[in-house]
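Only one chain is included here, represented as structure tokens and corresponding to the form predicted alone.
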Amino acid sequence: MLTDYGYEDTYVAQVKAVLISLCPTCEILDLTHGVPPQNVRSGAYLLATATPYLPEGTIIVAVVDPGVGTARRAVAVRGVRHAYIAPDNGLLSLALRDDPPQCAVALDNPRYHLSEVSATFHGRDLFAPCAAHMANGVPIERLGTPIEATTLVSLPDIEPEFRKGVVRCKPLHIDHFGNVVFNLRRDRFETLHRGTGAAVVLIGKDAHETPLPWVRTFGEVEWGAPLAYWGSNGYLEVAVNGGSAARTLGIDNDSLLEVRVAR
């Protein structure tokens, strides 16, 4: 499970109660329930960091759903390694990039929902029962109407912009420490620019440029100094040694980072 439900209310417990009631043998792993509220982009990143380590065949219930109750689709998707149950709002964008979808359905078969479905709590009333039925062996095809995987919503700016000599990056997630994860993956960058030098520059809202040292680890800069580095999940990150890069450098979801490749 991955949600933005938080830890103060009983929302997570209600979802788990439905799962356990319908599938008593299921094992539930909490990836996180601390996704920033309604932040689909951050949820997409966090989901993608966990899925490579899950046992093959895991059923993932992911709910960051600001459009709950609207015309947005509720979907189930079977990838090469896992199955996903989520709103079709881009939350699966990064996970499905690494685990390509093999089939997908809209969750419109009421047989596999709770008898009453709240307009504002599909996690409990729709996603959880569908996941439990899948865990009990119900094929994904029975959960609803088949849809083309190519029609699944993908988040905008989920990939960096590659220009001649410059890679323009946008934030994906700000973690607990204030480190900011940008949407440039190490494997993609090194495939295109292996062996070339590069400089990292943060572009402020007033177009002010802040060069950042690109290092391997925090200890290579002074305490309180900013840095750029490849994070443990393979993305380019910006941090402040001993502090919060988001707060110190004023980075938010609209910030821009440029990686300037030396010729």
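What you see is a predicted model; the values in this text were computed from it and never measured. Residue numbers here begin at 1 and follow the sequence given.
The same protein has a further form, the form predicted together with another copy of the chain, not shown here; the description that follows concerns it.
Using a 4.5 angstroms limit between non-hydrogen atoms, residue 29 touches another copy of the chain in the model of the complex. With a 4.5 Å cutoff on heavy atoms, residue 162 does not count as touching another copy of the chain in the model of the complex; it lies far away. Another copy of the chain in the model of the complex is not approached by residue 57, whose heavy atoms all lie more than 4.5 angstroms from it. Another copy of the chain in the model of the complex comes within 4.5 Å of a heavy atom belonging to residue 218.
Checking 175, 108, 141, 190 for any heavy atom within 4.5 Å of another copy of the chain in the model of the complex turns up a single hit: 175. Only one of 145-153, 98-106, 83-91, 67-75 lies within 4.5 Å of another copy of the chain in the model of the complex by heavy atoms, and it is 67-75. Contact residues in stretch 4-31 (any heavy atom within 4.5 Å of another copy of the chain, taken in the model of the complex) are 4, 5, 6, 7, 8, 9, 10, 11, 13, 14, 16, 17, 18, 20, 21, 29, 30, 31.
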